[in-house]
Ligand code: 1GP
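We begin with a single chain expressed as structure tokens, specifically the form predicted alone.
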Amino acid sequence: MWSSEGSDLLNYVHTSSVARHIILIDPDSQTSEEAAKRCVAAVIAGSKMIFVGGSTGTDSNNVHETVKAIQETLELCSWNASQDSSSDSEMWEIPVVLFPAAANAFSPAADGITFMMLMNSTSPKFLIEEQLKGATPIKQANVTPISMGYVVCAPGGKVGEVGEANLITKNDIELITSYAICAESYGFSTIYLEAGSGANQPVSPELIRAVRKSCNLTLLVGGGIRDGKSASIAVDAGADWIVTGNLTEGFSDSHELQTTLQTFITEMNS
């Protein structure tokens, strides 16, 4: 449940003394009820933001249903905590942010949306066309855009294939540096290095380090990060946020997920 204004959301995204974790919920891979339960477990474990979206199977119907279910559940948790003097109701004030695969994966109920350019795509669809379709509905719904340069790195997975991306390899230090400077010059506030959902290896620390040194953007890293050690390597290289999706979908038991994420987040910042 996020109750603050858009400017506060942007401050929240960009300001922290420690790296933070984002749970990515794919509405095409779980019911809205399952998504809400997993988000509760993640928030208790220490996740600080919820992304909804990701796959090409998402659309406005399952995205909106999932966003509403998560927000209603977090609001109920917050209310319950407010009735107990030993509980912290503010811990439930977590933004629910859209992470869309396309313009049709939208919910006007979301707190924010990653307004992305897939910078190394060869298709105008992912450079500007989907953004044009989504811009007006986003503004009309007063959903806060988080401007983002999105760069897909090898192995890339489905997102690299669908996004028609020229994948960045671990040796492309000068190229990733140019992308980071370009994103900053465009005025983007964030940059996301993505290895692809379910990737067999995460983004290399050399690429993360190169981006960190070349720009002052908030840096998100995701794909192929399956444990706290991998996350810690990314954080040490300069990541501000670590995004995981597949990691959470493997758990049907909420308590087991909570315990796993608590360990993950502790190791991430160790």
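One-based numbering along the sequence shown. Predicted model, so just to flag it, every value in this text is computed and none were measured.
Not on display, but discussed next: the form predicted in complex with the named molecule.
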| property | result |
| --- | --- |
| Candidate spot Ala41, Ile94 and Leu261, all three touching the named molecule in the predicted complex (heavy atom, 4.5 Å) | no |
| Proximity to the named molecule in the predicted complex (heavy atom, within 4.5 Å), stretch among 59-67, 230-238, 215-223, 28-36 | 215-223 |
| Proximity to the named molecule in the predicted complex, single hit among Val243, Ala45, Ala210, Met49 (heavy atom within 4.5 Å) | Val243 |
| Single option in Asn120, Thr114, Gln71, Ser197 placed near the named molecule in the predicted complex, where near means a heavy atom within 4.5 Å | Ser197 |
| Distance check, Leu24 to the named molecule in the predicted complex, heavy atom within 4.5 Å | yes |
